[in-house]
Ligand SMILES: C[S@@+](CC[C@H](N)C(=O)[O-])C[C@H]1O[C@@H](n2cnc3c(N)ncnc32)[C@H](O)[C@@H]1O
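Below you will find one chain, with nothing else, as structure tokens; this is the form predicted alone, and questions on how it binds or moves follow later.
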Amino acid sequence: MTMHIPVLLDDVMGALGDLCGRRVIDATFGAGGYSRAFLNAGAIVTAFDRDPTVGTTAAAIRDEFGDRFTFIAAPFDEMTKLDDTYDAIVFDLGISSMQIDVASRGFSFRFDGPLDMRMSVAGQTAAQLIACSTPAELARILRDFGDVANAGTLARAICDAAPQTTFQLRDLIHRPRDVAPVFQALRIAVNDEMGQLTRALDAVPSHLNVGGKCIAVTFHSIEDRIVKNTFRDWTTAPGDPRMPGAMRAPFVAIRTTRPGADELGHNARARSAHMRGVIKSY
């Protein structure tokens, strides 16, 4: 299995600054790389993940860092239920290598396995989603979440074939350039990834302390667009800033960064990543 390497970790740590004694939400625990870095810097971390396979890693970090680490086995939009406020909220979005490299999880077209794609290992699988969708519904998924150009034709072929494995689905897609977008679109739909992200971002302002930071690392244009537009709205002052008494924006933007040549050289997963961030003003 490929080792999971946290993307843009140095940039995230640099943007967060001094974390000693700070309360941080790691919204996407995954393999624990970000949580461990925050804890090593002295932070008090609350981490979320809906994937039950990360429990062993979370337990090991809890054993090492004790009460400074809390793990919540739930989707990150469950932060809406938290009563506390925090000094930082960090999202490392997308899919982790530990999910995509396991054939039985059904995320990857590189391995033959059941057409599953569930991050939580519960609920409707990708195969079941296809079976329950009309061609029009599936075409919308392919267009909205994969930007697939021939979505209507491909959706009809997929619905007719009702694939049960990753290779069966892959072999239905005649244009190689459409394979990754189709798998991405189904994964996003199965896991309601954009709904999760939107709900979690909506909860950020009320869960950040003044001066607190929200950082998001994105990997594809759809999630990046949601983050970018949300952060733009937060950092735009209401009314005309040239007018007397104009309100200032509730957030200030942190400079967007991309992976450098060194990181790209040892971590191919970083090639599409963006780090965006904001600081709460009041």
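We number the residues from 1 along the sequence you see. The model shown is predicted, which means the values in this text are computed figures rather than measured ones.
Keep in mind the form predicted together with this ligand is missing from the figure; the text below concerns it.
Peer 1: Is Ile222 close enough to this ligand in the predicted bound form to count, meaning some heavy atom within 4.5 Å?
Peer 2: It does not: once this ligand is placed as it appears in the predicted bound form, Ile222 has no heavy atom within 4.5 Å of it.
Peer 1: Is there a non-hydrogen atom of Ala88 within 4.5 angstroms of a non-hydrogen atom of this ligand in the predicted bound form?
Peer 2: It does not: once this ligand is placed as it appears in the predicted bound form, Ala88 has no heavy atom within 4.5 Å of it.
Peer 1: So in the predicted bound form, does any heavy atom of Ala27 sit within 4.5 Å of this ligand?
Peer 2: Contact with this ligand, yes.
Peer 1: Please check if Gly33 has a heavy atom lying within 4.5 Å of any heavy atom of this ligand in the predicted bound form.
Peer 2: Taking the distances in the predicted bound form, the answer for Gly33 is yes, it comes within 4.5 Å of this ligand.
Peer 1: When this ligand is placed as it is in the predicted bound form, which of 141 to 149, 71 to 79, 164 to 172, 108 to 116 ends up with heavy atoms within 4.5 Å of it?
Peer 2: Contact-bearing stretch, as computed: 71 to 79.
Peer 1: Using heavy atoms only and a 4.5 Å cut-off, determine which of Gln184, Thr125, Ser133, Ser96 is in contact with this ligand in the predicted bound form.
Peer 2: So the residue touching this ligand in the predicted bound form, by this definition, is Ser96.
Peer 1: If you look in the predicted bound form, which residues in 179 to 206 sit within 4.5 Å of this ligand (heavy atoms)?
Peer 2: Contacting residue: only Gln196.
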